[in-house]
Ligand SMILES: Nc1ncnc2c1ncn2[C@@H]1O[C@H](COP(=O)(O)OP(=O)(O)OP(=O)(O)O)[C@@H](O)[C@H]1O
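In structure tokens, one chain follows: the form predicted alone.
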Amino acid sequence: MASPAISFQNVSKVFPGVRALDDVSFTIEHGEVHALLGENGAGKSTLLNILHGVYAQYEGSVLIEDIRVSFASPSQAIQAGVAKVHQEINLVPELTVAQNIAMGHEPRKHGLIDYPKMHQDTGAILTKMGCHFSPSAQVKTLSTGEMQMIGIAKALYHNASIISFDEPTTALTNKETEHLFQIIRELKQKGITIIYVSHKLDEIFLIADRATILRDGRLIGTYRIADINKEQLIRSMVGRDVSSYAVRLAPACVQEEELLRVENLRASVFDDISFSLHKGEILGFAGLVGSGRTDIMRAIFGADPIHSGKLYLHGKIAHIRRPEQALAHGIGLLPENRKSQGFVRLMNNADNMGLASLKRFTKWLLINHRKKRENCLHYMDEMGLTPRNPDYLVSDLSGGNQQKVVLAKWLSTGADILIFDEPTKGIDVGAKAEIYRLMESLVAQGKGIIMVSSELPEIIGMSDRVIVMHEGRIAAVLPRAELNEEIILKYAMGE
């Protein structure tokens, strides 16, 4: 019996406070299209990063052709014939197609790059793929679908025998998607092994032979696509009870008063968005990565431009085009990436908490550092932030405590509308529970919270209502009584 193309044996990966993979074992056969499925945060990307040498340190074993491998870098994986076509197209637009395909591995002649051979070799690959653009064309002149083809051509240029695709059709048209599927089928016929990650179940049933499902970092099972239907796949992906810590302990306190109303908001990545947020409400935003959730929040906050639409605050129209205008209207945004957008790494707790409300602590252009420290100590006590030290660098805090600092920064401004984008991403269970209790305390005070989250137990457990996004549009608005994971995931996947 032939050995599998890839064998994952008892693979585990731990990050601070998070066990991303837990004892995962399964095999992928030669020349098959193997789907890797699961919710956001299920461990799919972590597993691929281990395979491709992004994470060199992990527990367990990865075998290719029954030979144990442990790549120290992505380039080492590519040299071994293991390539990846990324969801985000990473190309140099000013360079030619050939230069992008061969980058770092250009053919040489007398010590110089052999451009004729590079164009010949890359042109032959493009011809086999049915691409109609020239190797000498600048990448910036191509469509998104054509750029995606370059990613595949790069893998073939390196004679890859294993290629993984991470959400490859996110930005493709239907015609470009059909072309991509045809190429994948041809690669399969040539014996190349394909790992295919997608949230679009229709694609899985069109292109995959088998599917492996991960949930919370654990293996749920591997199934032949011919033997399973969409409902069974979804149930396997979400079939768990809502975590006990993601529940509302206090009674709902939603009031009739409207804090925010959004009417027909449009931008390049979302369309016709209308909703309202009430005083004392936690409004959940669910949807898959790329559905437009974060883009909408950034637009409301004035961080990204909008094409059209209106915002009303407390019943009055508001013109918000910059974050400082949002701040003046009492809106605070806890961004998805707190480390790069939420706080300043080289500043301490007191300075970070006072950043957005510096006018409160300033008189005649002089900062009253005593008042700023008192503000910090107040929120440290209120939130249970540790260590209780205003001079402690925020970058040295745990993820949960960093999130508390970012929240305190906005509470210091008196904001009554708070947008939480992935509020518990990368923090441990105990810190999650503390964040949830803080959210309940805030809405009890009459503040309104919009919570964007990829964790369905969090969405279900904490929201008064949930807006489900699909490909830049609102797919459903669900009251708390109708919330369950299967329904949300169906709407999010466009089912």
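Start at 1 and count along the sequence shown; that's the residue number. Everything numeric here is computed off the predicted structure, so don't read it as measured data.
Not pictured, yet referred to below: the form predicted together with this ligand.
None of 203 to 211, 219 to 227, 258 to 266, 397 to 405 except one has non-hydrogen atoms within 4.5 angstroms of this ligand in the predicted complex; the exception is 397 to 405. Contact annotation: Ala42 falls within 4.5 Å of this ligand in the predicted complex, judged by heavy atom distances.
Using a 4.5 angstroms limit between non-hydrogen atoms, His199 touches this ligand in the predicted complex. Shown alone here, Glu167 lies within 4.5 Å of this ligand in the predicted complex, counting heavy atoms only.
In the predicted complex, this ligand sits within 4.5 Å of a heavy atom belonging to Ala20. Within 4.5 Å of this ligand in the predicted complex, a heavy atom is found for not a single one of Phe275, Tyr312 and Gly494.
Screening Pro116, Pro305, Pro387, Gly104 for any heavy atom within 4.5 Å of this ligand in the predicted complex leaves a single hit, Pro387. Note on contacts: among Tyr392, Phe301, Tyr379, Tyr157, the single residue with a heavy atom within 4.5 Å of this ligand in the predicted complex is Tyr392.
Residues are counted as partner-facing when one of their heavy atoms sits within 4.5 Å of this ligand in the predicted complex; in 347 to 361 not one qualifies.
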